[in-house]
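In the form predicted on its own, a lone chain appears below as structure tokens.
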């Protein structure tokens, strides 16, 4: 977690949404369509307006490692270098806002609130990356799957009913598990009465408190 001092400061900062000009260019992408690829020029920063996006790397052995899932309101594609280090694809039909990186840098140079908002965005991304690394190294398969479901619920502001845009393979590639392990874990949670699986892309958190205790 962020330290109490830093978290308190962030609460008083503007979000990037508050300091950016009115929405500019947007693009629509179909499910599994590429938004940008590794090594391409990082001329834009992106924001999900609707739908969901995955960012990932292809490892040397050919395996895919999903870096992050991005939902409505989330920003992605912010790089420290001139090219993208990752790939981005739509997980569902998605609308994405495109913000010129140069314009964002100019705005941050001119306005303190924009610079603070950009710093906040960068820090939050770093924190999620660190949390992901710790999860991969220290959590059991059940803890990883439950943690992901709770994270989706929190970030999509869902109570118990989850529309899950990612496939079981997406989950596996994010959690560092096999698709068979993810499927077995979800079935086990359903058998225990903690979740329900009406369809492949729809889940119900039947006992959220019990799920939260599993990852406490």
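Predicted, not measured: the structure shown is a model, and the values here were computed from it. Residue numbers count along the first chain shown, from 1.
Same protein, other form: the form predicted in complex with a further copy of the same chain, not shown, and the subject of what follows.
Of the candidates 92, 142, 95, 127, 127 is the one whose heavy atoms come within 4.5 Å of a further copy of the same chain in the predicted complex; the others do not. Of the listed positions (184, 57, 155, 28), a single one reaches within 4.5 angstroms of a further copy of the same chain by any non-hydrogen atom in the predicted complex, namely 57.
Contact annotation: a further copy of the same chain lies within 4.5 Å of heavy atoms from the stretch 171-179 in the predicted complex, the single such stretch among 187-195, 146-154, 171-179, 46-54.
In the predicted complex, at least one heavy atom of residue 119 sits within 4.5 Å of a heavy atom of a further copy of the same chain.
a further copy of the same chain is not shown here, but in the predicted complex it comes within 4.5 Å of a heavy atom of residue 85. Taking the partner from the other structure, a further copy of the same chain in the predicted complex has a heavy atom within 4.5 Å of a heavy atom of residue 65. Residue contact with a further copy of the same chain in the predicted complex: residue 113 places no heavy atom within 4.5 Å of it. Shown without its partner, the chain has 129, 130, 131, 132, 133, 134, 136, 137, 138, 139, 140, 143 in segment 128-144 as residues with a non-hydrogen atom within 4.5 angstroms of a further copy of the same chain in the predicted complex.
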